[in-house]
Ligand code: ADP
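As structure tokens, one chain now follows by itself in the form predicted alone.
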Amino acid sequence: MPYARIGYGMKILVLNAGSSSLKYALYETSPEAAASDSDQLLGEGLIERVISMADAIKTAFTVLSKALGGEAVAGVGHRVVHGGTYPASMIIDAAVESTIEALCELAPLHNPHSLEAYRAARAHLPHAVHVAVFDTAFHQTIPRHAYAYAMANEYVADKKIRRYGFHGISHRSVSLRFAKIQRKSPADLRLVICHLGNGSSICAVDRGRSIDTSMGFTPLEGLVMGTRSGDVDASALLHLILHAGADPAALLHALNNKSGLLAISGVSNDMRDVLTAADSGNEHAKAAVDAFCYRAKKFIGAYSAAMNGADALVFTAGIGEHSAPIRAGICEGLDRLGIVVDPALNQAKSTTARCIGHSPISVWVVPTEEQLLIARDTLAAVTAISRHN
């Protein structure tokens, strides 16, 4: 494979298949470019309201045809939400494909679409190295006392019932990026990272390793989210099923799609709309904002305790990067923990990484670079094959 010679730039395609969307990006990179942050983004796009992922892949290839320039793509990186207990990104072979398919029952909104995108891309690029980059992999360093549910063994043994954690690509990306900004090794830092968007999670990254995260068996656990409830007493759900005649499937759908900010506010699952309503005096919207901030505040305190302190609190993703009122609301009243946001720095508009609080635990906004990390993991797989050959 001449395009995979070590030291030469190679083209890496990144595919991020959502439940009804496809993000794609094409990079030219090399091990040297990755080390110096000089990877080149050649093209990117987003296709929404996807009905057929195969058709979306075809559209993406058509859009990127000029950037591809007739040159071979060395590797294709696929974001896969659920990778079970895989501890790292994996080249997709028959065994890995089978595992991803078996995990569709645990991530029904995501894994099936990732598989469909992979199979369509493989048909277009049969000679490329296809790599699965898992959201769950970063969290495989979480210790047993943090990932195990204290349930009777007959309900958890050999049934894959445990806390997996998600958003791992984003949390890993931000932790690496922050360390580079500080000119330190990730092994020197304790970070609490808040990935806040329509789906939200908080992660304790202790010296480069995830030791706990708010999402669990599925992405439903943890924070109040756009349409997801976050933490709910299991007995409340069983009570609705056993004594109120609730249908389990309908209840699960409601917890994922009709809860969270949408349910509390009665306005929207979009934090921008909820904040606008709250500022206009809507008490339900204000309650939704308060619940969102309070739940996040509790996890920040818990994870600071789990690591015996923290060097920085880092916000990322749509809400985390762009909503100054939410960052301020979450950090309000954390001064005794050493967390204080500077109002002027917090309000300043910027799309780059920046400090918004020079407190004992500094407060930062660091844009997530999930697609770039997927590209670099794919690059590593391609170069490893080249070295072996």
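For every residue, the number given is its place in the sequence shown, counted from 1. None of these values were measured; they are calculated from a predicted model.
Form predicted together with adenosine-5'-diphosphate: not shown, discussed below.
Undergrad: Identify, from the list 282, 85, 198, 99, the residue with a heavy atom within 4.5 Å of adenosine-5'-diphosphate in the predicted bound form.
TA: The residue in contact is 198.
Undergrad: From the list 266, 318, 108, 186, which entry has a heavy atom within 4.5 Å of adenosine-5'-diphosphate in the predicted bound form?
TA: Of the candidates 266, 318, 108, 186, 318 is the one lying within 4.5 Å of adenosine-5'-diphosphate in the predicted bound form.
Undergrad: Residues in which of 26 to 34, 319 to 327, 334 to 342, 51 to 59 have heavy atoms within 4.5 Å of adenosine-5'-diphosphate in the predicted bound form?
TA: Contact-bearing stretch, as computed: 319 to 327.
Undergrad: Quick one: is residue 270 in contact with adenosine-5'-diphosphate in the predicted bound form, heavy atoms, 4.5 Å cut-off?
TA: It does: once adenosine-5'-diphosphate is placed as it appears in the predicted bound form, residue 270 has a heavy atom within 4.5 Å of it.
Undergrad: Is the gap between residue 275 and adenosine-5'-diphosphate in the predicted bound form 4.5 Å or less for some heavy atom pair?
TA: Judged by the heavy-atom cut-off of 4.5 Å, residue 275 is in contact with adenosine-5'-diphosphate in the predicted bound form.
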